[in-house]
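Just the one chain here, laid out as structure tokens, in the form predicted alone.
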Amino acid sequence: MPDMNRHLDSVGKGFTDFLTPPPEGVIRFTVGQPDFTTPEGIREVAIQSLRDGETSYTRPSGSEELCRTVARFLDERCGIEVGWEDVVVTPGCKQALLYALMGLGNPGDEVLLLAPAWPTYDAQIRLIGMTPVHVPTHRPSFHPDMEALEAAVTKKTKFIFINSPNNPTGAVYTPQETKALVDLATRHDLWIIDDMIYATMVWSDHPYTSPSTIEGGWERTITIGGWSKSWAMTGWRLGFCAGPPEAMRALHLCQTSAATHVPTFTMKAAAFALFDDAGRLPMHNAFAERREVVFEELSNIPQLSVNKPEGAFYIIIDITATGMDDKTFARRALSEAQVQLIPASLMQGGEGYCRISYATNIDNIREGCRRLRQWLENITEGQ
């Protein structure tokens, strides 16, 4: 039998073991998916595109209308200046991340990750023969530790990944921290991959700041975003990447060679969605309210320690005071409390923590936290 990809054995499964749909009656705090249907206006545009017969091949990077709209969205909402020709619409953000690594890196390169980092980063880096370097962040804020990052740079370092607002921690890096990250990348001539999929979900006083808006950042930053989270379009598999022209030519080639383009009949709907505030804002406001509720409820459980999340729809909880490791905590929470959550040690640097996704309704949030509180009280009384 011919050899297989020699890197596959090092590719982790991420959250797979803890994402299996649980038995009926379990409160599920695991899946990073909004519990909303895509807003009706967006769906209607896609339906009309199908009725109009928009089912043929089109421009590989996405229609001109869609790419122009992405460029306008990045400019008007995020301050990111990019030419519409330097936008590639991809089959989800994962594909955009993979294109950035494939198009700009080479096997043997090292990639800096701010730990704990979403496990797909590690898996993709390993898949194509690069080396992930997990750099600890400050605790309990999970904001960048610039000294640790500086110490992690070697001659092989080629990329730094930024994800703010962050999955799994909910951290939103300050403008000053983003500038420090750009300064580091400039000093060491690194590519910056900015995964800003949660950029419209910021609850902190400081905003999302794109590294491409900081001096020295534009020419080395690939901005990656998409429609899944803020517009409840996870199943549409739509993402985008944008950046300086020379880099985007490489990513365009990856798209052309790998996927041709995303489904044609989704493109008008995707363009419409970006400025469909009437459809997006009710979901945005719901997540802001849920953030308050989940923080309040978890803060009332003595055995757990939490920081108020600054963005996205995740909160990370310190479970070390329970005396359990995080995988034991997650397994027992499922079997004994009927609550499913993610042990953060599935991501290097997440040991001792569990991640909760509050992308579920407030009744579930309150009930899930009540179950955790009662379960931990019973354990304490039994000791």
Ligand SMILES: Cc1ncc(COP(=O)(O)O)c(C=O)c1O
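Residue numbers here begin at 1 and follow the sequence given. It should be emphasised that the depicted structure is a prediction, and the values quoted were computed from it without experimental measurement.
Quick note: we don't show the form predicted in complex with this ligand, though the next part is all about it.
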Spot the stretch among 74-82, 145-153, 265-273, 116-124 with residues whose non-hydrogen atoms come within 4.5 Å of this ligand in the model of the complex. 116-124
Exactly one of Lys94, Lys179, Arg280, His261 has a non-hydrogen atom within 4.5 Å of this ligand in the model of the complex; which residue is it? Lys94
With this ligand left out of view, which of Ile197, Ile193, Val294, Val135 would have a heavy atom within 4.5 Å of it in the model of the complex? Ile197
With the cut-off set at 4.5 Å between non-hydrogen atoms, does Tyr314 touch this ligand in the model of the complex? yes
Is the gap between Lys229 and this ligand in the model of the complex 4.5 Å or less for some heavy atom pair? yes
Can you work out whether Asn163 and this ligand are in contact in the model of the complex, taking contact to mean some heavy atom pair no more than 4.5 Å apart? yes
Please run the contact check for Asn167 against this ligand in the model of the complex: heavy atoms, 4.5 angstroms, yes or no? yes
Members of 32-66 lying within 4.5 angstroms of this ligand, judged by heavy atom, in the model of the complex: Gly32
